[in-house]
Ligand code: DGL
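The chain below stands alone and is given in structure tokens; this is the form predicted on its own.
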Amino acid sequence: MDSRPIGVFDSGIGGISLMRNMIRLLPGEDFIYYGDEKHAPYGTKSEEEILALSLNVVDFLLKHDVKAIVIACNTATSAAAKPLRSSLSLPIIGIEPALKPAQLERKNGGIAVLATPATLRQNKFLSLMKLYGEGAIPVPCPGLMEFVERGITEGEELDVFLNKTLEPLKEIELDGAVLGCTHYSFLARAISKALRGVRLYDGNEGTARQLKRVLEEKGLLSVKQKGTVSLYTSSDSSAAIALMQTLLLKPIEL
């Protein structure tokens, strides 16, 4: 058993959506969350830039003696998970678009995959498409995660943006839509409305279960009844921490 904290990071505050799943599944664990708002969004950067930023954040988490690291960002997982696993001995848990579960439930319609441009062009996603991409329609959504970073999860401005971004899908029969960025989970209601109620999928619950499995296998689970959550940001604004705290309590409707 191990009472050290679990480190979690994202390009911003989107990974808080995954934090909610992990806290619910592992209530006795301590978590340290780092949102790299200063350098957000990662999704429009090169893979080399994303890796460098991720390594910098991991250095911060290692100074807090974390026992495992969760990359709560699809884009950063694609760029940094493999290099981190090759250089560190502690568990590295990544997240990926929930294309597999969406594909397993697909009937005759398509599966829209909403993600950042970087996620959609990286090798990890391309490999996922080869396995589970039948009927999948990649939809780059530059600018969408920034709504969450600004604390906007509903309203006319968001609806107008989504209707424009998702316009190519309006005439396509869809069986589901994959939220390929952890930020998008907070926009589920607005996205569902724009896509006329299609079923949404994210990778949060599967990632939380994977973390629990790895901690159990390695004997790293905490014995405490109730853990703590510490929030950090690279931003100079205290508003970022306040927004993280608010989003930890915000209902998500998938």
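Don't overthink the numbering: it's just position in the shown sequence, from 1. From a predicted model like this one, the values you see are computed outputs, not experimental measurements.
Keep in mind the form predicted together with this ligand is missing from the figure; the text below concerns it.
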Candidate stretches 189-197, 40-48, 210-218, 57-65, one within 4.5 Å of this ligand in the predicted complex by heavy atom: 40-48
Report whether the minimum heavy atom distance between A80 and this ligand in the predicted complex is within 4.5 Å. no
Mark M145 yes when one of its heavy atoms lies within 4.5 Å of a heavy atom of this ligand in the predicted complex, and no otherwise. yes
Considering only 91-129, what residues come within 4.5 Å of this ligand in the predicted complex, judged by heavy atoms? T116, T119
